[in-house]
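First comes one chain, alone, set out as structure tokens in the form predicted on its own.
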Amino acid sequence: MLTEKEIWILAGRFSARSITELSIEDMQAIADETGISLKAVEWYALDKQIQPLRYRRNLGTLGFDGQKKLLESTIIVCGLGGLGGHIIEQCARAGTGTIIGADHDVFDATNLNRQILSAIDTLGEKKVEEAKKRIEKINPAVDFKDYHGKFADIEDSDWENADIVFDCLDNIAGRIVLGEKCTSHNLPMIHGAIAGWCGQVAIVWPASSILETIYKGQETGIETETGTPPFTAAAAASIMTANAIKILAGKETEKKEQILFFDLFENDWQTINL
């Protein structure tokens, strides 16, 4: 995260301070004065048990070490629609250091019911470009790399540097191929899908057969009939983000083969072990 020279510079910059917390303005001022990235300044503060106010409400859950690990992390989000938009919003707010987003689409009117990055004035705009703008507004310490294309267009170096991948695709065939891609790079994948009031979320560990088990004999999802309302998308995306952050922050150590199914109409939640 930091070079020896940067550590030396920040050590001098922080040595005169007797502080336990720093505001967004203070963090940005230090970054501007030293020429060191805002993300690196935040990481150094956390390493010295100084709270960046931006992350204060995270620390009781993640701890200083967990927040540092999150800042060091790189995620790939495949699909920036109903699920992916919520996920990059939450991951940026949480302080995930680098987000790589891939989507070949632009916004249209049918996206307005659930896709948090969409608005009347973004119709016709590229989803990856709106994602980049949104992250810059939320948390400028987070690096965002965009691919206006499919996940197959993501460079090998980005797969190699990633820590986790989000499956936010809208077709079964693509999900299976993405799972195989993640296995080839030894990456855990967070799978999510919704239909009507219902959704499913799973951590797909490398070489897992979860997706094949779920989708055996299926070619299309039932969401084409039941629709994809906003509350189901937000619920599934939040669970997906929580599962990813558990792994990234070092809180999840057991590789369970299970999938969560939820029904928001019946308030029914079931975890199935496979």
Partner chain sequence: MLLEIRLFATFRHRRFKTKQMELPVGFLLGNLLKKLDISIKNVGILLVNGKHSDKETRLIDGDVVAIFPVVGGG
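Note that the structure is a prediction, hence the values are computed from the model and not measured. Positions refer to the first chain, counted from 1.
Just so you know, the form predicted in complex with its partner chain exists too; it's not on screen, but the next bit is about it.
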| field | Non-hydrogen atom within 4.5 Å of its partner chain in the model of the complex for each of M1, F14 and V41 | value | no
| task | Examine K181 and determine whether its closest non-hydrogen atom to its partner chain in the model of the complex is within 4.5 angstroms. | result | no
| query | Hey, in the model of the complex, does N161 get a heavy atom within 4.5 angstroms of its partner chain? | reply | no
| task | Would you check, heavy atoms only and a 4.5 Å threshold, whether I88 touches its partner chain in the model of the complex? | result | no
| task | May I ask you to check whether D263 falls inside a 4.5 Å heavy atom distance of its partner chain in the model of the complex? | result | yes
| Candidate stretches 93 to 101, 69 to 77, 162 to 170, 144 to 152, one within 4.5 Å of its partner chain in the model of the complex by heavy atom | 162 to 170
| query | I116, A195, V106, L187: which sits within 4.5 Å of its partner chain in the model of the complex by any heavy atom? | reply | A195
| task | Identify, from the list T34, T226, S238, Q28, the residue with a heavy atom within 4.5 Å of its partner chain in the model of the complex. | result | T226
| query | Which residues in 136 to 156 have a heavy atom within 4.5 Å of its partner chain in the model of the complex? | reply | none
